[in-house]
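This document opens with one chain alone, in structure tokens, the form predicted on its own.
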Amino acid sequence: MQFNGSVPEYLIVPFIEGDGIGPEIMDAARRVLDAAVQKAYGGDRIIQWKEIFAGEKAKEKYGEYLPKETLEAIRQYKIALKGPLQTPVGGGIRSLNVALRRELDLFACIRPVRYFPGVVAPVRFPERLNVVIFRENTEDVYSGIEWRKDSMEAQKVIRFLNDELSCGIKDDSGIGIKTISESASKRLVSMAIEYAIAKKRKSVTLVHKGNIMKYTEGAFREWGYEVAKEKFRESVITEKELHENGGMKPSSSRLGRDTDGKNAERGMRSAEWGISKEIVINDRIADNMFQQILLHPDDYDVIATPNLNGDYLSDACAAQVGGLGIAPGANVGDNTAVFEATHGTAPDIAGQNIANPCSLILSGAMMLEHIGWNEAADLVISAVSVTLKNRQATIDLASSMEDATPLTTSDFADALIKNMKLKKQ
């Protein structure tokens, strides 16, 4: 997911304010990111922000929710930072976020999920979860191929399936078509493995429902293993191959379930068996994965999954560490990347200066890392960690913290900037 091209010291970054709380959290995010770049590079590198438009603001300015000028700007500058967008009601674009991903071929939704000390979480040991989820962004049920009950299209498809293929579908059914392709699956898994190797992570887990949907999600699993062996043979080993090399020495006494339902000891780096591979490739059935990520979160590292599973799983993981308010995200393709808040527009608190900007700020840190400005990215992440550990937070987090100091959106940004400390050399 590294930036495709050279990065100028004077970098133009398009941004979409977003709807609802978008303007407030975008202002906070830009100030924090500017401060991090200034502190890290002392003026030698600068972000020039360029506003582009989508959502309600675009409708007012251009008469449409996603103008071509916005798409052209993102293609030109290759990156963008985006606030939350409200999906239009009553026709038009089905989802602005889905439309952006499709138009720009942002095929990977990347969601790092980690715990920040000080945040109150619903599980006993939230610090054990530290995963990066790669969710395929362009296919699955999100591809939008569906027809309403009793529509001409639905009836035509039902007649064909019943008459030609004897499927026995009820006449009063709505119809949806789920597509998962080899090409899209392999490029998603390839990106996940490349990330795991570059970041020295220990495993990549393919999450699927292939025991039931054998030719879509089951195929995703098979294609994932295929591309791992075809492109990354020198760096990866499968969980099955580890078993064949004498079993897997567990990192604890826990026993889990593999995808065939047999007991399998997990949580093991291949190096501990004298096998010179960097990454273990395994897979888990989706419903079992929800149990595993709760019971044994530290057994998982990088996760690659089709679209719908990834949507569920990324939000469920975020809930384990305190919620979407501290969960960053990016939509990444071969040539462009859009970094975004992962939560909604929260219109009920818009304009009150109380919204939590952490998700967008941490997404901005992902953007800095993407372009190779790692020192600035580290400053942002460490500042968030220190500030939350000090129980300085917006009201959504502070209300559940003991002896916390509730801050406004803008005051929270000020606290982050104050808590930015360069590491001693």
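Owing to the predicted nature of the structure, the values given are computational and were not obtained by experimental measurement. Just count from 1 along the sequence shown to find any residue number.
Omitted here: the form predicted together with a small molecule. The next part is about that form.
- In plain terms, the part of the chain that comes close to the small molecule in the predicted bound form, with a heavy atom within 4.5 Å, is 347-355 out of 347-355, 308-316, 73-81, 124-132.
- Distance criterion of 4.5 Å from any heavy atom to the small molecule in the predicted bound form singles out 342 from the list 203, 342, 190, 320.
- Listed residues 97, 336, 282, 138 were compared with the small molecule in the predicted bound form; 97 is the one with a heavy atom within 4.5 Å.
- Within 4.5 Å of some heavy atom of the small molecule in the predicted bound form lies at least one heavy atom of residue 86.
- Residue 396 belongs to the set of residues with a heavy atom inside 4.5 Å of the small molecule in the predicted bound form.
- Proximity of residue 16 to the small molecule in the predicted bound form falls outside the 4.5 Å heavy atom cutoff.
- Taking the partner from elsewhere, residue 416 is found to have every heavy atom lying beyond 4.5 Å of the small molecule in the predicted bound form.
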